[in-house]
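Have a look below at one chain only, the form predicted on its own, in structure tokens format.
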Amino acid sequence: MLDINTKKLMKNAYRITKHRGITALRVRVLGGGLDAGYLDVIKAIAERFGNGKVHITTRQGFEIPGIPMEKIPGVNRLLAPVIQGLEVEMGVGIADVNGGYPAAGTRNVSACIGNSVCPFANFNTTELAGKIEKLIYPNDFHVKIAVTGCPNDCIKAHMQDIGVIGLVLPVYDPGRCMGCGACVKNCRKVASGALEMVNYKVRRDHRRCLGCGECVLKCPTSAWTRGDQYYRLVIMGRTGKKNPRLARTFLEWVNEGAVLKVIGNMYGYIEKYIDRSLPKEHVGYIVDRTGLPVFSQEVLQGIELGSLGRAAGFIPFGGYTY
């Protein structure tokens, strides 16, 4: 009978399954995209070591079931090109690519397809996901992060510990505006009603603006253009048994540097306040225990919010309790 260290097994990105001696490998996919050539490796692992099937996870990764635990070393060696490509090339730095994943607590950063394809997206989501991955991986803390290109939130950033939402500061040229009101009508229908017509020109209320960029897409004369890139950070969304809830806005109209700094500081906060008597503790429950002021004090250290940036002083997290 196999003598299995289950903690080491799970840290190596393998799952404890309901079938004795059988595991499943979780393959990290950074930002929802990978070179098609890696699919050959995933296929080979599934066919040679697994049961021939591959499960696509909700975090945009792959799970390969049906792997006998004694085959793990061979699977890890076969997986090496995927780790080499997805992690080492990103500058993460993994000492032994033939040993499989060195951590699995922090889940892979998921992302929508971004502005390389989608006209609504305000930035390159895959690029930012890579910067976040380099910052946080490998790490054993149970953290989920998602990046979405606009407030449409196709990646469901509001169900993550940290959700990064791309905003754009729209720039208006009244000289090009013909007063058709297309942007105003569209903003009222699909966004926040931040625009209004005043003397045949458009006035924008920054306090109500979501930074979605819909006005830019609807303008027939290019009176609206995309200005500076900003982000909204939503925090502590989660599913689970105890208290499922949507994430709420913590920061808005901040730059990329602030986003990365908050995420990096959050790991220091977890290290300081996590309940080590538990096998693992979701970061949202740590925030519930310490309170938002403590969380804010820890994660906002060294951060410049900028002239437009705002931080929430109070968040009514809500959700429901079973």
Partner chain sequence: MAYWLDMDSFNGILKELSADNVVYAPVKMTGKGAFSGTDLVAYREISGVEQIEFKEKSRFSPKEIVFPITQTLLYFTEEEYAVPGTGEKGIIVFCRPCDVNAFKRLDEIFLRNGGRVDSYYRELREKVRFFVIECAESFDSCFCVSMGTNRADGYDVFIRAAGGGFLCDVRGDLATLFEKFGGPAEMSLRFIEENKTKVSIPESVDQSVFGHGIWREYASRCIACGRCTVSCPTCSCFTMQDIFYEDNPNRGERRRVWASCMIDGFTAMAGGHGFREDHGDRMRFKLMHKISDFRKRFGYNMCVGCGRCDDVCPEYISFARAINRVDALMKEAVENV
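Keep in mind that this is a model prediction, so the values were computed, not measured. Residue numbers count along the first chain shown, from 1.
Unshown form predicted in complex with its partner chain; subsequent notes refer to it.
- When its partner chain is considered in the predicted complex, residue 175 lines it closely, a heavy atom lying within 4.5 Å.
- Although the partner is absent here, residue 239 is not a contact residue: none of its heavy atoms lies within 4.5 angstroms of its partner chain in the predicted complex.
- Though the partner is left out of this view, residue 222 does reach within 4.5 Å of its partner chain in the predicted complex, counting heavy atoms only.
- At a distance threshold of 4.5 angstroms between non-hydrogen atoms, residue 208 is out of contact with its partner chain in the predicted complex.
- The partner is not drawn, yet in the predicted complex one stretch among 102 to 110, 153 to 161, 223 to 231, 127 to 135 has residues with heavy atoms inside 4.5 Å of its partner chain: 223 to 231.
- When you look in the predicted complex, the only residue of 72, 217, 97, 92 with a non-hydrogen atom within 4.5 Å of its partner chain is 217.
- Of the residues in 122 to 142, those that come within 4.5 Å of its partner chain in the predicted complex through at least one heavy atom are, in sequence order, 122, 123.
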